[in-house]
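What follows is a single chain, given as structure tokens, in the form predicted alone.
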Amino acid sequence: MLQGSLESTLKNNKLHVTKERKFLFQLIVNHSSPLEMNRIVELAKNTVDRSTVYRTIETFENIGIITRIFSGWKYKIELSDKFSTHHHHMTCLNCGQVVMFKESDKLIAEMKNTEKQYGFKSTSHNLELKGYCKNCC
């Protein structure tokens, strides 16, 4: 299903479905946590050259396939909500580990209450917690 969504997203943006794009998409799909660019380049080195990796990741970001998770001046890459379930992040300020989590029904209800209180209708949200993982505490 995800591969079909990739192909339709590329076609809807008047882009070709190439083996390199399919390979990089699958590489990101197969990882349960966000990836740094140097890790993507390393994992793809025998299949896709470095410049193609960077161009493809930029294209994927521009058309909403992936998103960047920033931690200071560094970032990691993951699939956008269009291609994965909505989630949030906890980032360790020491080792850079990123842990994904889903918000609880209670938190969603509280956000809706806050919207109602301020007469606001949100269309999306992000929650990022920064601190220290259990290994760095």
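In this text, residue numbers run from 1 along the sequence as written. Keep in mind that this is a model prediction, so the values were computed, not measured.
This next part talks about the form predicted together with a further copy of the same chain, which is not shown.
In the model of the complex, a further copy of the same chain sits within 4.5 Å of a heavy atom of residue 125. Although the partner is absent here, residue 107 is a contact residue: one of its heavy atoms lies within 4.5 angstroms of a further copy of the same chain in the model of the complex. Mapping the unseen interface onto this chain, residue 29 falls outside it, with no heavy atom inside 4.5 Å of a further copy of the same chain in the model of the complex. In the model of the complex, residue 15 stays away from a further copy of the same chain, with no heavy atom inside 4.5 Å. For the residues 61, 36, 81, 42, the 4.5 Å heavy atom test against a further copy of the same chain in the model of the complex is passed only by 61.
Residues of 109-135 lying near a further copy of the same chain in the model of the complex, listed in sequence order, are 110, 111, 114, 115, 118, 119, 120, 121, 122, 123, 124, 125, 126, 127, 128, 129, 130, 131, 132, 133, 134, the criterion being any heavy atom within 4.5 Å.
Relative to this form, the distance between the C-alpha atoms of residue 96 and residue 54 is increased by at least 3 angstroms in the model of the complex. Cα-Cα spacing of residue 123 to residue 57 is reduced in the model of the complex versus the present form (difference of at least 3 Å).
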